[in-house]
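Coming up, as structure tokens: structure 1 and structure 2, two forms of one and the same protein chain.
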Structure 1
Amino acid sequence: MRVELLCTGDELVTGLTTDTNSPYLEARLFELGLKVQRVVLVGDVREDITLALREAAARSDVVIVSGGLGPTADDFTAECAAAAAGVPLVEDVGTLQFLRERAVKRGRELTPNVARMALVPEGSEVVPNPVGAAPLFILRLGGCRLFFLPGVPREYRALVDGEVLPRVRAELEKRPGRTYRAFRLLRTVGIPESVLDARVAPLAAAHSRVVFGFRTHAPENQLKLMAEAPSQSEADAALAAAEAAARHELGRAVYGADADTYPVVLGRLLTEARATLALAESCTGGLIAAQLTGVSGASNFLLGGAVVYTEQMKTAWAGVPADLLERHGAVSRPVAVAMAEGIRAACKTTYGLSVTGFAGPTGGTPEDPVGTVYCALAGEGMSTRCERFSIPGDRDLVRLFAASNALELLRERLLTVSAP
């Protein structure tokens, strides 16, 4: 089945808004074993949208269209769909009644521009929107089925999950001689994409039913595995064998799979170890704490921390001796060690984690230029570990990888102490 996505709106082609709908749908379709063939962005020009609809329908079995179904003057996707199909717009009675009742509940009158959302191309299947006003409508152009959805992410996702994907899945299951697929997304940290590719390249020849793919989502790199076979059991078995081989090759670089996130996995490790953590952050400015507190139940393992951005605060909150700062400077191995040990002592935790560095674009020294970061981990039953990293990139990238490298010190420690 060939699937394309068509997204409309000037905001998407002028950089004012980032398309978040397409990545969401691409991932959900991939779960069905479908790889999107093309994603097209079109501005608010009637002729361009109409032509794009006709071209996509001629190439595809399914086209999923988003945007341009609202009440404003630049919402004319339904009009373009009718033009592409060569049919008139008609009023959907159920949608119009819903819009009237919605207006009454809000103490308003139904205005003509809002009522326009009830206009759909003749012959469309209309599906109510469970979380918004504009409905989903489904239209056939030749052998292609087109799904038209609102562009508002909350509405888009509700309709994708509740209406679009079940229909696509049902269509797949009816197709004779279908290929069955199984997939896994392995998430790695601390290994560059080129190295990841080189490490798993020899596995591809031994697992001919599995497609190996790669995706970078800083600071991690991801390995995509998709098995294809004449039956689901064969696809599942091929995937399991390829995944086992990849995990064996990559070892601890694989931190999780599929929907796992790094903070959630780390929180699980801390919880299983009944360990607690305190943070002393300088150049990351609270980024590590923000990641960990995004995990539900983080108070079970993260007791607290401090953004010790200045030398004064490194002394006051993390207990770094002033003479140590004077001798070695704030960005140094001894200070990172003192920060980790000091914050652990202050918070009485199992582990203390620190990071200090030059995020740029100013600062740095000949010995420690911009991008130099020191991360340290102090803990019970261990000598304090400190690592120096040289991180290329702009300020945001240095801070992102500094946080990741610091947390990786902690993950490696937790895996070591939990190993049989």
Structure 2
Amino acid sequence: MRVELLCTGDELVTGLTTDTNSPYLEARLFELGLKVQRVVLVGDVREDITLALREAAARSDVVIVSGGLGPTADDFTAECAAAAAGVPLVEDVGTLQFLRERAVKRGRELTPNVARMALVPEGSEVVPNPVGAAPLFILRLGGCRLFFLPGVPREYRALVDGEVLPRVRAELEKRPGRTYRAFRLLRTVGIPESVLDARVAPLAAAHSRVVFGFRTHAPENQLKLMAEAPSQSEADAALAAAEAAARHELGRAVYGADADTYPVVLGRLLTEARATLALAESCTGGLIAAQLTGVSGASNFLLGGAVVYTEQMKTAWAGVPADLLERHGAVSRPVAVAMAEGIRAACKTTYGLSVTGFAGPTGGTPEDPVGTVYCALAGEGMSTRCERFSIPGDRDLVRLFAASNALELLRERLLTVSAP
């Protein structure tokens, strides 16, 4: 089955936006055993979009198109689709009704530009958008099926997962002689990409059906395992063997797999341990709290988080003695320790976690230059642990890695106490 992707939008051909929709869909299709043949990006130019639609339809069995379905003047993909198919645009009654109700719910009128989103090429199948306004429509052009999706990543992904992939899978299952694939993403923290590569690459020889790939997404490094085989069971078995070997090699550096996220995994560990947490953040400035509270249920374990940029608030909220701050400076081992212990006492939690450091670009001292971060973990039945890190990179990177280094102290502790 030949599949192509077509993405429209001036922002995609002028360097304003990086196309992240296509890699998302490519990976999902690859899991189904499909390698995308071609991805085409075109600007908001009617003739270019119409031509690209015709060309892609002539080459492919399936074309997945995104962008240009919104209410604004530069949204005209439906028009181009109609032109490419040689049919008129027609109003979809169900969509119009949906848009009207949606406007009313938000206390607005249905404006003509919003109502335009109900116009689809004649003969389209129309599927409602579960998380936005513009619907998905599906159009046949010769032997090709074209799916038209909004470009907003949240809506695109919801429609890809809920509507496009099930249809593609059904189509695929009707065809003989296909390749089967299986896929695992192992998520690691604390190992640089080159070290990850050097440790894992020697495994590849013993797993010829599996491709080993690497991806950096600071502060994580990810190992991608892709197995190909003539049957699903062989692909699954090859993947399982390679995954076991990689996990054995990497140990605790692997914090999760596939759709796991670091905050979700940490939240699970805390919940399983019936432990609670308090945070005292200086240079990370609320980043750790924001990460943890991004997950529903964080209120079960995160009792309090203090962003303590100033010495006064370090004293007021985290109980750091003023003379300690004066003697050692705010970025120091004794202050990190006092912050972790003080915040734990203030919030009456199982654990207290602290971060203090120089995120840059200004600040720092000769002994503790920009990038120096102290993280400390205080807890029930343990002596407070404090680590010093030297993190290269800009302010964003220092903050990201400071947050992840601090949380690693907690994860290690939770894994140790839960180990049988």
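Think of the rigid core as the biggest set of C-alphas that the two forms share within 1.5 Å after superposition. Given the structure is predicted, the values throughout are model-derived calculations rather than measurements. The first residue in the sequence of structure 1 is number 1, and each one after it adds one.
Structure number of the form predicted alone: Here the form predicted alone corresponds to structure 1.
Among P366, P176, G107, G381, the one marking the hinge of the rigid-body motion between structures 1 and 2: Selected hinge residue: P176.
Estimated from C-alpha overlays, the smaller rigid part's rotation between structures 1 and 2 in whole degrees: That works out to a rotation of 23 degrees.
V93 CA shift between structures 1 and 2 in angstrom, with the core used for superposition: Here V93 registers a C-alpha shift of 10.9 Å.
Between structures 1 and 2, how far the Cα of I49 shifts once the core is aligned, in Å: Its alpha carbon moves by 5.2 Å.
Shift in Å of the L16 Cα between structures 1 and 2 [rigid core superposition]: Its alpha carbon moves by 3.5 Å.
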